Each structure stands twice: as C-alpha cells, then as structure tokens.
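For reference, the chain that follows is the form predicted alone, supplied as structure tokens.
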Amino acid sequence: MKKVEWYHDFIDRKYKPKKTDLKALFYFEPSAGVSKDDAIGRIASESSTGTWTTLYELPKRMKEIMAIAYKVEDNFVHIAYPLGLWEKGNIPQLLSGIAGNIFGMKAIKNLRLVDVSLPEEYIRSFKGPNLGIEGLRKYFKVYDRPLLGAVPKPKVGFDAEEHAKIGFETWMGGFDCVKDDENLTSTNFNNFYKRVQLMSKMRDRAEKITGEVKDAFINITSETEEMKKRAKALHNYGFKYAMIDVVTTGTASVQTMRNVLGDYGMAIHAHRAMHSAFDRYEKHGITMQFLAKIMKLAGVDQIHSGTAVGKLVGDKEEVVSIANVLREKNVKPYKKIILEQDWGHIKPAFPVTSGGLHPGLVPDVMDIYGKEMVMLVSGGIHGHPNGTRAGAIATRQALEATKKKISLEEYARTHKELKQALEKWGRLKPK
C-alpha cells in the first residue's frame, strides 16, 4: 500500500534549531489510539506546510520551510519553525500558524502553547513599547516605588462627573493614575469624550495642588477607526496613556494603535480582559506568559499580569514568569514555563498587578514583584472607612512601611489611615 500520511516527515529528533528559527514549546495529549509521534507530527505539520495526505508533487522549497518537532520530554514537544514561514511584523499571521488549526485537530485531546522563542531577525520587524519602564518613570518622576493606580468602583455605573470626582480623590491620596475598567468605554450615562474632558480638569487641579504628575488609563476600546479618534482626544487633553482591551480588540488593532499613539508620544495600558477564556485551563489553550510576550512585541507599555494573592487566578510562579518576560532584556528559560528570549531593541514593559488588592496585601505584592510594576488598588481604597483619599493614603503608607522593613501593624500605630485599613481588611486574601 502506498504511503498515505506524511506527518512523521515533520519529526527529526536529531535536528538542531537554527539561529533564525522560531522555537515553540507545546504541552500536548494525544487522543485515544493516537501515538505521541502521530500527535506531534500533526502539530508541526498543520502549523506549517503539511496536509493530511501525501501529494503528487512538491517544490523543493517545502523541505526548507517545514516545521520540525525535534525534542519530546514527557508531554512537552519543542518545534522549530523556519523564519521563511512568517511575514515579518505580522502577529496575526504568526498566531494563525502556531495557534491556528492545530487546536482543532481530532488527533489531539489537549494542546497548550506554552511559549515561543523569537529570533532577532523576526523581532527587528516590531516596534515594541513606545515609552516602556524607563520612559514612564521619567514622565512621572517616580523611581523608588511602583506606579500606583485605581479604578472607580463599582467598575461601571458612575456618570462622567462622579467618575472624575472619584478620580480627583484618588490622585489627592497620592496615586499617580486613575483607570477605567475593562467594560467601560462610552455609555449613555458616561460618555467617553465627556469623561476625558472632566478628568483632564480634575487632573490639572490635582497636579496644581500636589505638584506631582497625574495621568489616567482611559479606555479607548472600540472599532479601530473610533479608537484612533479617541486616542486623538486623549492626546489633545494632555494624557500620556490610552487603555486598550488588547485581547478583545486583537493584535492587529494593537499594532495599529501602537503606531498612532507612538506618533503622539503616548503609552498603551493593556487590559487582558477575556484572557482566561483560553489560558486558565492548564492543559489546553495559550499561556498568559505568551500573551504578554506578543503584546509587548506589538507595543504595549504595560499589561495586567495577576497578583497571586488577590481575587484572580494565577499563582506566584506564573506571575513572576510573566513579569520576567515583560521586564527582562534577556529572559532565561525556566522549567517548562518560559523559553529563552533576547529582546534586542524592544524596551522593557511594566507588569500590572490588580484584582482584590488592599493596603494589607502590599508587602506580599512587593515581595513577588519588587518595585518595577504598576500596582492597582481599587476596591481596597474606595472601601476604606474614611473614603477614597484615605484609602489611597493608607496604600502609600503600606508602601513606605514595606520599604523601611517595618511591619504594617507597627507602622499603623502612628499612621491612622493604614490603621483603619488594617482594622477592616487585615491581611485578607480575597477569593
């Protein structure tokens, strides 16, 4: 009988990846009755040049651009993809290959894209963050602590005037930024353009009183042409940031808005809304580490990365891995979680910790992240017994205590806002 399938042609355990190859790491589980080689051959084939059967004729070029599964460790497979498969500067096309049809193949019970190590020649075609960590610290003139932000809570329901007033109280309590939440864009009770106008007035007032730089992560998420209009409005009112729900808008929109906002000298605050739809299940989907990587490549300056101690999923190991991918210039491989990555000209980006934080958890978050992060404490300031401003002050006091290596309980003896926060929440870790 003639050979029908050619999946095993995409396996070569003696292959040594080239410097220009993209190297992907997958977790996989074959379906019942399917061997490991049958499974990994299909993964490499379907994500590159293969099809389900042998063909009558193939150009010689095919051999040069076939993906090769070259190493299998338990249920992890390493696959090398020749650079010629990919259009430079095109993240959607990359995802269509390494995260496309392969997730729907019957021969694969579970498949998880863990990470991809990107070669220098491929990375050169992307801009990465416009300002990055260094540029944003220079803008705020804040170097010795995390940048601080808060969302008016509840996340949706305030009108533009109420939103701006809460923003003012947040800024006056010592926070750097006020943030829209992921599902607030422009509503009949809180119009985007009105919110921008009122927030700019309150920002200017807070800056005049405090002498500090204040800004906001205002959500421009929409159809791309409308996002361009909203970005221009933010620029015209003197904001340094635009916020984008980067998963729901897609990588193409993010790349477009990186160009637009880059021309304005602005940064992108990336919210990861919808990420858990494909990264929460440990055996299938795409990891948050890889999502953070491609968004940094696309040009976000900061992206949500979890807390490990707040209300959202993500343990300490995952959170630290995401932070390393974003902050390090040369990422070292770690277990079967992240691969090596030389970022070349791409600037470091901030991880953003958020979700269920309050002053009592500041030491835990600092222990996990260090100071190079954006810390969002929202319900944990607005729920303070004396209101938003006192909650923001309490968070700053918790940071001061942590920096001085003094326990929060001891510091609270002489700092009433922190004392009141601890009396309400203590060291509670929300569930």
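One-based numbering along the sequence shown. Since we're looking at a predicted model, the values are computed, not measured.
Note that the form predicted together with a small molecule isn't included here; everything after this is about it.
For the residues 304, 258, 195, 296, the 4.5 Å heavy atom test against the small molecule in the predicted bound form is passed only by 304. In terms of contact with the small molecule in the predicted bound form, the residue from 153, 347, 88, 229 that brings a heavy atom within 4.5 Å is 153. In plain terms, the part of the chain that comes close to the small molecule in the predicted bound form, with a heavy atom within 4.5 Å, is 371 to 379 out of 402 to 410, 388 to 396, 27 to 35, 371 to 379.
By the criterion of a heavy atom within 4.5 Å, residue 327 is excluded from the residues contacting the small molecule in the predicted bound form. In the predicted bound form, no heavy atom of residue 262 sits within 4.5 Å of the small molecule. For the chain shown alone, residue 275 is a contact residue for the small molecule in the predicted bound form, at least one non-hydrogen atom being within 4.5 angstroms. Contact check for residue 219: every heavy atom lies farther than 4.5 Å from the small molecule in the predicted bound form.
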